[in-house]
Ligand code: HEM
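Below sits a lone chain in structure tokens, taken as the form predicted on its own.
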Amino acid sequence: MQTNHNEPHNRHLGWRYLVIAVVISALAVAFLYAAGVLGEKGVTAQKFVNLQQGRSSHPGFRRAHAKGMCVSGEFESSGALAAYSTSEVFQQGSHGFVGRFSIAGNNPTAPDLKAPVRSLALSFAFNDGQQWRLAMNTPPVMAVSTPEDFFQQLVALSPDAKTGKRDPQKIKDFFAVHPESKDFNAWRASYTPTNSFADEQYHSINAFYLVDGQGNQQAVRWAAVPNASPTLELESNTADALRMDLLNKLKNGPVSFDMVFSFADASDDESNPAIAWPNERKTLTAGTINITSSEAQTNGACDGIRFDPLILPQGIEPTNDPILRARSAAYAESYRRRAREQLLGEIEGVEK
């Protein structure tokens, strides 16, 4: 049997890289705290992630949307947004990405069809070193507009410590004192989950600015709109039904979505993620997302990616939406925890 004399060296390098990742992530969280992005009422990234993590611990996995699968493919840009943004991604042509489909929750073995929310995340890396991360979800809007209220929403939705189930009265009471949840509740009442990741529509939820060469800003939201024919039945009703369905679809060709951008007008508040914009707003199709392959998330290309919506290229800028900054800080804290767990797991494995 041939001996790999570089193996100890490679392991050492792997630990060093993980340590660097932990340190960088911790510094990012510290910076966000110093900037006061999570408000002034004691709501921190740690508290958010503690709540998402709950009593269950799944070391090495994301604290929210723990179950997922990696995907990759090409974004075929139509060039329709080139006049509104200097970003390379909106220039006509093909741009590769690594992405991830996932379901809501902190359990990496949860049954796919039980999850109330599904997500599609994408990561673009450009030739000049810039990156763009997108984290899209099935709801088009948030239920609330501040990090503090979002935290209280998570508290209301958390299972009871004794019964392990959610308290319907607690949820009802929360929404009763939050009339800004009107648009979210209207979506929730009309939404029926499909039987496929490929059939869902995924939304940016938060608004961003497109910035052109003259520095002009245009507030936008976007949605990944499916091109597939709706899936009527699943071949399997197992815990991995959505994953199996996607793999079967990819055998017949790419799974595609149109990237449709909605333009705010002067009457829209781009900093409030709880208010839906009217359907008559101007829209442009920036291009088509073509997903061509998929792999398991563990050790997959997407596993080490933090899909932070504030990782933006030149030509796209964040609005003053406070929820957007809270999401970013929570993603950083979740990443820090799982990177540390993965590092300790590797060290323990070597020591054994």
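Here the structure is a predicted model, which is why all the values come from computation and not from measurement. Start at 1 with the first residue shown and count on from there.
The protein also exists as the form predicted together with the named molecule; that form is not presented, and the subsequent description refers to it.
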Answer yes or no: in the predicted complex, does the named molecule come within 4.5 Å of a heavy atom in every one of 87, 97 and 221?
no
Picking from 276 to 284, 117 to 125, 87 to 95, 262 to 270, which part of the chain touches the named molecule in the predicted complex when contact means heavy atoms within 4.5 Å?
117 to 125
Even though the partner isn't displayed, in the predicted complex is residue 135 close enough to the named molecule, meaning a heavy atom within 4.5 Å?
yes
Is residue 198 close enough to touch the named molecule in the predicted complex, meaning at least one heavy atom pair within 4.5 Å?
no
Even though the named molecule is not shown here, does residue 64 get within 4.5 Å of it in the predicted complex, heavy atoms only?
yes
Residue-level contact is defined here as any heavy atom of the residue lying within 4.5 Å of the named molecule in the predicted complex; does residue 203 satisfy this criterion?
yes
As a check of understanding, the residue in 310, 316, 326, 291 with any heavy atom within 4.5 Å of the named molecule in the predicted complex should be identified as 326
Looking at 81, 246, 207, 142 here, can you tell me which has any non-hydrogen atom within 4.5 angstroms of the named molecule in the predicted complex?
142
Enumerate the residues of 300 to 337 that have a non-hydrogen atom within 4.5 Å of the named molecule in the predicted complex, in sequence order, or give none.
305, 306, 307, 323, 326, 327, 330, 331, 334, 335
